[in-house]
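Only one chain comes next, encoded as structure tokens, the form predicted on its own.
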Amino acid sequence: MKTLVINAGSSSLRYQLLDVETHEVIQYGRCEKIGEQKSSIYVVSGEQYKKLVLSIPDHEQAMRLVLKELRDPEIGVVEDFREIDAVGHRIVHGGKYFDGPVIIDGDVLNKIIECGELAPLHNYGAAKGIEACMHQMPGIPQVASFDTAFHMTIPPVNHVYAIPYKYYEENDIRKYGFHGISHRYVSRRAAEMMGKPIEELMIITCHLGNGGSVTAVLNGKSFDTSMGFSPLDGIMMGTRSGAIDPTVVTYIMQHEDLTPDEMTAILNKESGLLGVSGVSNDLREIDQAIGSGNQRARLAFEMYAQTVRRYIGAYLVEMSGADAVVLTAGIGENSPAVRQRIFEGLEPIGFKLDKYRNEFGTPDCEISTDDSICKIFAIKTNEEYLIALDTKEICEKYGLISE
């Protein structure tokens, strides 16, 4: 089954055409700087590579370019888009409406747009990508997979905020959680590597990229997660503050005479690793600065690892233990230094990191010692494959494609 997976943001559109049965990525690429004067499209088919700099005014045009490259005489992989069985879309926020993947119709699209207020940089771009696909690929099933859906199993004790209850009832203010597709994938992969049913395991998954979150996965379901009503909550991130005292926000706004939008920009774009280090949001550049004796860079590094440790500790208590901890995404997969610092000194409670495996192992791999009570894994996340699998399963369920 050939499935086109679309991940559309506010000014970008990434895609993969893949075969779910064989896991083969047939073609992938991305459109960048959509709506700007100089946009670009980058395409890879096997050993062939192509990059064009051109004007991409909107997501409709971006989808036209994607379909053109899929059928291109030199780099293309299909003769007609009708060879594509279905399209799967990654949607960041499904609000209270969606606890799993769904076939997209007019009502679903309207709800995705409605939830855009909670994730404006993602949902609106995704909606434009969906509209473009519906227009240019009529008759091809379109499926939405939601990052928030995995976290809809979080019990009220963990998702209700300690504010007047009317805001929960009337305004749907609650913990939603994010990176759910990634957390779902890597927790399943960890169970597979352990040779045990995920329904019998307690797993803590750490999605550590420029954005990051930690999730307690109890018996295959999300039990708690660090991100909350928005992707700003939780661990320290590349440019996001993570959890801080709310009074800090109102204090700064009052003393600096800032608007809500200005304060939101500071917390989302000027904080985190960048704000503390004053160097970068990229841990590789922070590591170089540490090597040059930059103490603020060292502080940022230590704070980052400490916030991840804090949530791992919290979820150990909430689940009364853990069978495994998984680290994934850009930092989790590629930074042995961060992984080492996270687990440093935790040997007495059963976390034993193998220094050689941690330094030289390539995801997917176990990086704990053989006698570690809790397994530690570095696993490469694969959200696109899981979206494609969701798409296949729901299309088969409704008879939209043959099994």
Ligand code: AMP
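Don't overthink the numbering: it's just position in the shown sequence, from 1. Quick caveat: nothing in here was measured; it's all calculated off a predicted structure.
Heads up, the form predicted together with adenosine monophosphate isn't pictured, but that's what we're talking about next.
Any chance 205, 320 and 325 all have a heavy atom within 4.5 Å of adenosine monophosphate in the model of the complex? So, no: the whole triplet misses adenosine monophosphate.
Tell me the stretch among 84-92, 243-251, 206-214, 146-154 that has any heavy atom within 4.5 angstroms of adenosine monophosphate in the model of the complex. Careful reading of the contacts points to 206-214.
Here the chain is shown alone; which of 71, 284, 188, 269 has a heavy atom within 4.5 Å of adenosine monophosphate in the model of the complex? That would be 284.
Of 198, 289, 329, 305, which one comes within 4.5 Å of adenosine monophosphate in the model of the complex, counting heavy atoms only? After the contact test, the surviving option is 329.
Flag residue 335 as yes or no: does it have a non-hydrogen atom within 4.5 angstroms of any non-hydrogen atom of adenosine monophosphate in the model of the complex? So residue 335 counts as contacting adenosine monophosphate.
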